[in-house]
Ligand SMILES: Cc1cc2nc3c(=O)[nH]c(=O)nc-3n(C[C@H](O)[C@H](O)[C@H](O)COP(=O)(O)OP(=O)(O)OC[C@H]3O[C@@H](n4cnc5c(N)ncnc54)[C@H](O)[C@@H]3O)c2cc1C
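Before any questions on how it binds or moves, here is one chain, the form predicted on its own, in structure tokens.
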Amino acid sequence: MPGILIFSENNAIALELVTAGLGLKATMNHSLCAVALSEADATALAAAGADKVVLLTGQDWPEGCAQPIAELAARELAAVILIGGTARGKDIAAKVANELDAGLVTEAQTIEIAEDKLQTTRLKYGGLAVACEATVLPAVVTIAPRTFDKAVAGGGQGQITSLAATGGDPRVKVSELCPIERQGVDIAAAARIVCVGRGLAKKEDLTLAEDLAKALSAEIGCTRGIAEDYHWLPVERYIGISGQNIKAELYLSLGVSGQVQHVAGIRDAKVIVAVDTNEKAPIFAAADYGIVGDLYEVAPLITAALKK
């Protein structure tokens, strides 16, 4: 009987869920079952530590997997169902929870079993508070990408079986796929980020940040205002609650005040460095290192020092 069932249509996130699931497995002493949509994904999940992998076939769109996953979870008496917190994953999680009449926790940061309940924590109010919640089993949980490290192949030999998916809405047909054309890199996966805010006077001054980013081998990020109000950078590059959450080794801000919506997106960065003229700017409360100064003077000095 699998005590834990995991699923994400993105196999990189599914591997992160394996890490979370293995943590629960140590407490629950039940097996870990994963659901995959391709043979390659199934093989990777089995090698990473899943005891059992069910390869769903017959579904040409992930949203149609909700009912098969709910049926599988019910048949296997799964106590905890972990689903990757993508847009599709959240849709699937809500449907699975509804089918199972189970509790649903979204965007969990930590998960554990205690007193026969699922104990979770998640951020609230833009990161100003942490909610600690206990949910009766069975429970469905969504976990945002990069919350846990990916499980790596370690010689696992989980059993792989196939399951022909049934159900779904026959009125929905996929007639065409149009991939989203993204500009630049995945800022959420960048190891180093130079972030610009409204302290930058004009678009042409982005060259200051670009020079610094080049010296640091970093990517350029920005606040929401720079992307959505000024349109100086693509929306894929803005960081915050409604933008990207980063987990970079280094985040260096130039002229970013540090509003709570932005800080919620950088709180998992390992080292935060802030440059701003306002010594009372909120960004300094979140920073490991702060420089009170004019970014037009400080940024070139840092760039020059790095080039030496």
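These numbers come from a predicted model, not from an experiment. One-based numbering along the sequence shown.
Although not depicted, the form predicted together with the ligand is the subject of the following passage.
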**OP:** Just one of 90-98, 71-79, 222-230, 111-119 has residues with a heavy atom within 4.5 Å of the ligand in the predicted complex, so point it out.
**Re:** 222-230
Original post:
Which of Gln59, Gln67, Ser31, Ser257 has a heavy atom within 4.5 Å of the ligand in the predicted complex?
Top reply: Ser257
Subject >> the ligand in the predicted complex: contacted by all of Gly199, Ile241 and Leu295, heavy atom 4.5 Å >> reply: yes
Original post:
Can Gln261 be called a contact residue for the ligand in the predicted complex at 4.5 Å between heavy atoms?
Top reply: yes
Original post:
Are any of the heavy atoms in Val35 no more than 4.5 Å from a heavy atom of the ligand in the predicted complex?
Top reply: no
Original post:
Is Ala281 close to the ligand in the predicted complex, meaning a heavy atom pair under 4.5 Å apart or at it?
Top reply: yes
Original post:
Would Val275 count as a contact of the ligand in the predicted complex, using a 4.5 angstroms cut-off between non-hydrogen atoms?
Top reply: yes
Subject >> Within 4.5 Å of the ligand in the predicted complex: residues from 111-146 (heavy atom criterion) >> reply: none
